[in-house]
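Taken one at a time, structure 1 and structure 2 that follow are two forms of one protein chain, written as structure tokens.
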Structure 1
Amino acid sequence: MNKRVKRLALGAATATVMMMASLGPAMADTVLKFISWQTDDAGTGEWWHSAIAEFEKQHPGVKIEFTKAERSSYADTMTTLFAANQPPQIVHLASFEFQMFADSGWLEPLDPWLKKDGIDMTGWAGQKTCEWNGETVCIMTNYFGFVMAYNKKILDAAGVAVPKTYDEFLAAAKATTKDLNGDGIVDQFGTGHETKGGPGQYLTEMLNYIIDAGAYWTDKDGNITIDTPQMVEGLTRWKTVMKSGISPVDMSASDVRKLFADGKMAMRMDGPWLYGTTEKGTAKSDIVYAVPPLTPPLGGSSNVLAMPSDIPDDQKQLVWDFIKLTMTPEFQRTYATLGGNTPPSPKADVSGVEKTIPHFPVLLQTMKAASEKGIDRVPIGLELYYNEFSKMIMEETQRMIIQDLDPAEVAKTMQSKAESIKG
């Protein structure tokens, strides 16, 4: 009898523990996973945190787990998570990497959600990039235009004016590239380009000169347009810049930005995020922001928000609520005031932002100029093959520089290889 009682008691205890354990998750907060490379970015990171705080205030019992993944390994992380069937509920991707996920059918079409809430996306900068196979699969979070920051002290010391054209830019960069202590090593550069951050970044740096020469990788119908006189001119300019020693070579973006911010570089063409670095640099007071001498300015879509297609419906609603919150005019304004970015919403009130970010009008001007010309870093028709395409272009360009090849021949090779990649 005793044994029976003991067994019954043990069974009851086990059942109670199991029941409590199963009730646990249901009673706990709903957690949405949100992975980003911008968690601690100056300005932008704070903006994300403010959006999360507001969302959690509006949705008691729902928490957003905001986790950082380094940008350099971000695409790998997201690929692994999607492949393992464990994507985060809030999907944050660069605008040149969401296509592979959308093409696999892993991103939720957002048109029904937009329609349900009556959200008009007309005029939303870069939103067209988020259309994949006729469906809206993401919301463009950032669309930007490149600016040129210059060190006034260095330009004044060399006696050169702020350049307005490519030729003036090249002359100014040559005049300000110097070996200041005579040890045979250049320690002040005219400009700086990142050439160590991978093919995508390499192409972005090149594109400044290529667009100014009137060239681009593809036309609006997705046809490859590399073998053109304009592209030959663009490649020639890039070759000139890289071979003339006016830029440090084999440097990562953060190193180049740091050099500029610390007064070791005269001019730097970059996106709005450069401001975060220059504000912390030792040459902060000498740095001025201006419209780039290369026109139209390079720009384009930067990053997007999306949601996975196979999460439960109640989670989809929560994710959509978060995305919608970031799209409100209030948060679009703070994207500028707090993040220092150009908000894509046409309804964003950005008046007075220049009081805290003096060069904000320049950012807006270049963003609009790039947007009007339809400039983007990802060529139409090559979205799915962008990594392969950019690696091919980088390698052929490196070959041109290392082996001193004729840009006209290189353009022909690139054209043929790009057509082969596209199939």
Structure 2
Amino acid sequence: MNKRVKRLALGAATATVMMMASLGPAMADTVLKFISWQTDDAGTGEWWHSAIAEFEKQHPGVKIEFTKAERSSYADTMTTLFAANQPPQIVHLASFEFQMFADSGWLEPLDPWLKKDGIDMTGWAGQKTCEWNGETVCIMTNYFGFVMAYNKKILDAAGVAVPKTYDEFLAAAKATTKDLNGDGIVDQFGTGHETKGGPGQYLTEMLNYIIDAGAYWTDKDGNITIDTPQMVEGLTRWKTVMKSGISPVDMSASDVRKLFADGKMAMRMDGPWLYGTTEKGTAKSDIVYAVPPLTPPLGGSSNVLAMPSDIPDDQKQLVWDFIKLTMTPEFQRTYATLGGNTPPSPKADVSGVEKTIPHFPVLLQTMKAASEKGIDRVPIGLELYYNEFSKMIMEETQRMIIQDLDPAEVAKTMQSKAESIKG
């Protein structure tokens, strides 16, 4: 285990291990533990539950215990469980965090399993990301492109056109941020970003502005590229958005999405999973999906499925059966129809999906645009250190906002610290 992983394992809450280990029905059934942050996500959560139900139907006497862990502490929670030799049998990780688990030897190589069942992964979106040291260690569950959803009623009331650039977006957000009842408190926001969750999500929110400014954390060779004029511009944009009051603060992603879905926010840039929430919101009929004004759109790999390398062989077979089930044409289609997501399988039948999800062509368009530009949330060269790197970026960015620091100086600090993290 590398030193950084050890520090994470020791630093995470041991109580989490005890809590996770104690969960489970007092039955003689074989129980597979499956920990996720998506258990109650609208659309995607329902898709997971449907896959679990079908798996249990196909495997009498086997139960999947589907437990939620908060996204803000997810990597630390999973690291602690693995370090204590108590990992869940079904491993669900963000695509920017599985690398340290693979590097520690905790994930089962999947190439023999794929070969045994004759599964061809050619064309599976984002699957290349799941290769580590020449081996396939996970299956890409979601590869996406961001979209912008907007409340047409709010924009029309403010006399604002749908924005096509960052400047237009900022102006529209300011024009639609209002105190509607005159009590001195903003109750309608122009846009919204998560600032309460974990560092991985925080950086995802920031990247919308950073990529549009022509910046990124590293280049194609893994060199740190933070101290650049483009990055300074991107940081300046994020600081402007956060300090201008157009976005609520100290809210989780699910809270922000619900605020938008209920008509209390004009615009929200997000992934395909937003649809499940807006469909259940009170402003459902006013919401329209479009290509985001920031280009190229943020996108890339999202989350993966894997299995621990040290569980018994009979459990590995069951886990593989579950993973295979999610990869079937049937469940790849329902990943779109039920989850509102773009399925990674090239064989997925998405014909007619636009009849129930009218904006599905937009999802495909932005996924393709992000893919063609090589956009991903995982910086090349920092895969093993992403958890530490993202925490550092979030802390320095928050310091920039709170202390009103010069983005140019902050970029220099980030560059130096990122180089030290990489070593």
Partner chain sequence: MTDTVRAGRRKFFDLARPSRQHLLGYILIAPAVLMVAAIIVWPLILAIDLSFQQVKIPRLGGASRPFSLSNYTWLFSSEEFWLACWVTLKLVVVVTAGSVAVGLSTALLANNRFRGRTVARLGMALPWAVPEIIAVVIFAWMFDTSFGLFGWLAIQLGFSDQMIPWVSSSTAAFWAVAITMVWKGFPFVSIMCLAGLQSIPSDYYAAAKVDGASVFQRFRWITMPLLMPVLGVTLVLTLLWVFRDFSIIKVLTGGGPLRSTQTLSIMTYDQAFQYHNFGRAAAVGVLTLVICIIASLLMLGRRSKSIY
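Along the sequence of structure 1, residues get numbers from 1 upward. Quick caveat: nothing in here was measured; it's all calculated off a predicted structure. Here, rigid core means the biggest group of C-alpha atoms that superpose within 1.5 Å across both forms.
Only structure 2 is derived from the form predicted on its own.
After superposition on the rigid core, the Cα atom of residue 393 is displaced by less than 2 Å between structure 1 and structure 2.
With the core held fixed, the Cα of residue 64 is displaced between structure 1 and structure 2 by 2 Å or more. Superposing C-alpha atoms between structure 1 and structure 2 reveals a rigid-body rotation of the smaller part against the larger of 16 degrees.
Once the core of the two forms is superposed, the Cα of residue 324 has moved 4.9 Å between structure 1 and structure 2. The shift recorded for the CA atom of residue 110 between structure 1 and structure 2 is 3.6 Å, with superposition on the rigid core.
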